[in-house]
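Let's start with one chain on its own, the form predicted alone, as structure tokens.
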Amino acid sequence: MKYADEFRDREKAQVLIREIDKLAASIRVGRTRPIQIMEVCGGHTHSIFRYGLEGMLPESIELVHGPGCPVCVLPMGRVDDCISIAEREGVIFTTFGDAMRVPGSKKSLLQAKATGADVRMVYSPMDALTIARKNPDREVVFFGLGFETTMPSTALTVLQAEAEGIRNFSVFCNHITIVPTIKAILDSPDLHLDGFLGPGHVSMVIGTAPYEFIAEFYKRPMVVAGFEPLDVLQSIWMVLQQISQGRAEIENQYARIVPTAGNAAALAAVTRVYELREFFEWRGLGSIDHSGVRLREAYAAYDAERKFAIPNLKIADPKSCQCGEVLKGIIKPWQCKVFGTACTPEVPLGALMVSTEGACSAYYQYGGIKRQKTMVPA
């Protein structure tokens, strides 16, 4: 198949659903409890609800929405750090659009902009570097955010700034890594997952080999999945097939995009520019060892954390907000006490209602709010 509409073919989807029904019925664990499959990536969550895939699946399958949304797992204290930099005199703070409305303890970046901070939305770190070229008398900071998907573009921008001798550009680095995150989920006593849909965009960079520990040590199958409806359904079928056959392997459904060994050029830039942090704080998951990166000492001149004094405080989410439980897959968005009432996309309490990859945003946007009114929270 070559075109997007071919991956949205109704008849092919119906064939896959029938095969999924047969497989699910043959799996013993599904007779006593739901077969739990976590889609790690928030992009998959939105595809699932946009195309109504969850409603097509048999009741014996439960899709668990994982923490693969980088904006969503950013703790409130790091948002406050962004704002403290943005509000400094002479700073132009640049960020992707979905991070602008994420609430800090007192305000969001968008609210900081409304009160006078020079906060600008960009589409890439190279856009931020262009702003730095045009404003040599201003400090331009790029909010580096995301999993391995966006790490290379930030790294390559730092290398470009170094090559051009641009010294008024820096990165507030909040890039995070996927493997320690999945390990933390697997080690959680609250979850009993039977398999995973692996993140397609991250895997495009790192390949499939880093996930082998999931099959080897935890005996869970993972299928790296694409984002179209047939991609997701086929990947669910592949996970179920492994479970029914008693296998635990890492398979690549998204082979048209994801190379087994990853992207060598991207990985080289990442290795050159970043080093692992000893630990990094995640919203809902707490501190996870070696789960974040920072700029190496050689690139200290481009590190906003070294260039500016930041509060670096740990700030708890509002007690009414249950983003942490949703991120870990313990509850569904509609089970949160404030979902769709005190917390909406217009007035969000938590990051999951803001981001284009957030589970709460997906439920709200594609009709999940109606479910809250008809189902009793667990």
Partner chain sequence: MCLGIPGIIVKIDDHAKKLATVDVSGVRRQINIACIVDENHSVDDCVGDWVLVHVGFAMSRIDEAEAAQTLQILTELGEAQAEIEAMRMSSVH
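Positions refer to the first chain, counted from 1. On a predicted model such as this, the values are computed, not experimentally measured, just so you know.
Separately, the form predicted together with its partner chain exists; it is not shown, and the next lines address it.
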(request) Using heavy atoms and a 4.5 Å cut-off, decide whether 140, 186 and 287 all contact its partner chain in the predicted complex. (result) no
(message) Does any part of residue 114 reach within 4.5 Å of its partner chain in the predicted complex? Heavy atoms only, please.
(response) no
(request) Consider residue 127 of the chain shown here, and say whether it contacts its partner chain in the predicted complex, taking contact as heavy atoms within 4.5 Å. (result) yes
(message) Test of understanding: in the predicted complex, would residue 201 fall inside 4.5 Å of its partner chain by heavy atoms?
(response) yes
(request) Verify the contact flag for residue 98: yes if a non-hydrogen atom of it lies within 4.5 Å of a non-hydrogen atom of its partner chain in the predicted complex, no if not. (result) yes
(request) With its partner chain left out of view, choose which of 70, 30, 348, 329 has a non-hydrogen atom within 4.5 angstroms of it in the predicted complex. (result) 70
(request) Taking 4.5 Å between heavy atoms as the contact cutoff, choose which of 263, 135, 84, 244 touches its partner chain in the predicted complex. (result) 263
(request) Look at the stretches 187-195, 301-309, 229-237, 102-110 and give the one with heavy atoms within 4.5 Å of its partner chain in the predicted complex. (result) 229-237
(request) Any residue of 148-166 with a heavy atom within 4.5 Å of its partner chain in the predicted complex counts; write them all down in order. (result) 149, 150, 152, 153, 156, 157, 160, 164
